[in-house]
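What follows are structure tokens for two forms of the same protein chain, given separately as structure 1 and structure 2.
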Structure 1
């Protein structure tokens, strides 16, 4: 099992999560930016609750992670979910923002990178999200590369996603992950997915079929080889929910052109692009996003169940 780094601050656990961890039962971490920045109220609370229920239905305990008033919470109760969903001015927090949130006793919704870091501190090995960040398409001039990649290189958590967000440069992101030594596998496909689509035109770095095989990879990485990296598990969106890659590419290019014209940069890039793609697809991309999040939650729970079996 991946060894959690010992924090020098207090992690706040819900009773459900604390009991599961104490018993060595499977737990799946969930990010919170989808609640505060992903969609409007009350749809954000409804989705967060549904995703937690999906994790439970597949045999694991959900642990939605956020920083509330300077305290890292591993698992949120209903009142806390509601607060995060409705409170204005919640910060979007990556790893570098965590010290500031704690020092100022502020509230932040965690991105992939920050969720990974807190999950690892709590001893949680599996994390479900929508898509991971990576190398932006204009990175040659902007140097815009997601902190998700840095965290994957340094934090032993398996991240189940629908792949790299298709608004990014998928090929360069895969190259960067290779350089960082991060194992990347695709669940059940020889082709790497592209978030909204099952295809990207790129071969899977490695393929594994199903939760048991993936859990064995995790065990080999952390318990046999002693690797300290995360693991990227690309879980293609269900075929019935995908938007063909050629079709979505048109809308992404239009959104990128508008991004350049408006000189948007930094943390605003990804939410701007995703919002524009939703508009241009008349909501189809949002429906696809919701479908892949549900699918990833189910798969992550199954992987967590299988991984725990290997530790007993």
Structure 2
């Protein structure tokens, strides 16, 4: 039997990230599945680069996370980002894939779950993404529930997303997060957002207004109560960029029907649905996606700045 113990493998940091962490300065983790499996080239690499600059412009250091040739990287340089964005056959890696990537020296783009785990090992408290995974609509028969929820239950990182895409069952995802004891807060709205849209028809489990209030909740969770869970921060897409939920719903239904017809399952489900919706909306959803990721990066950086102040 193997005994779990303190990790002994090496994380590869960029100089920028290493210096920020050593000084106790704010750092924001960024995922890489959104680059390799969530968006087409070249928008994916342009966005990844732009998002890093947005984090810097708001006073924090960006750390894009991926596994390259079996090494967990915390911060990527321009050439590494470019390769991840265009190289075919990059593995989509959730937490359970990390041991295989390390053992076989393979390259993987990390999902929210795997990015959270590596961020926690690196000592990063805040993470910005587009949308998190959740309970799939057919979960009653497929059991398809994203490992992002498992990780949120077990890993103390605050994940800033634009909520959950309605390719998933949003109500069941919120139920699951409640069961797992994960604090869920919506930034500045009484309604839980559904990625492309500010609305979902579901109430925000809790509402907080702005980065200072959110940083206080993180401090209360981890430093006062000693909780070990992640925190889900839903940041609604800006009103000027949103697509009404009813408009997107048609394309999502089509994509879900095709999924069943083609018997797509497992790790392929989410990338397939994401790609189909982009195709069907002729790029409009991609523009909304870019806008909300930029917005989340800015908010996450502001939260990281406020959180660091509470630790001093």
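Take the two forms, find the largest set of C-alpha atoms that superpose within 1.5 Å, and that set is the rigid core. Numbering follows the first chain given and starts at 1. Quick caveat: nothing in here was measured; it's all calculated off a predicted structure.
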For this session: Decide which single structure shows the form predicted alone, answering 1 or 2.
Result: 1
Exercise. With both forms fit on the core, has residue 266 moved 2 Å or more by CA between structure 1 and structure 2?
Worked result: no
For this session: Align both forms on the core first, then report whether residue 42 has a C-alpha shift of 2 Å or more between structure 1 and structure 2.
Result: yes
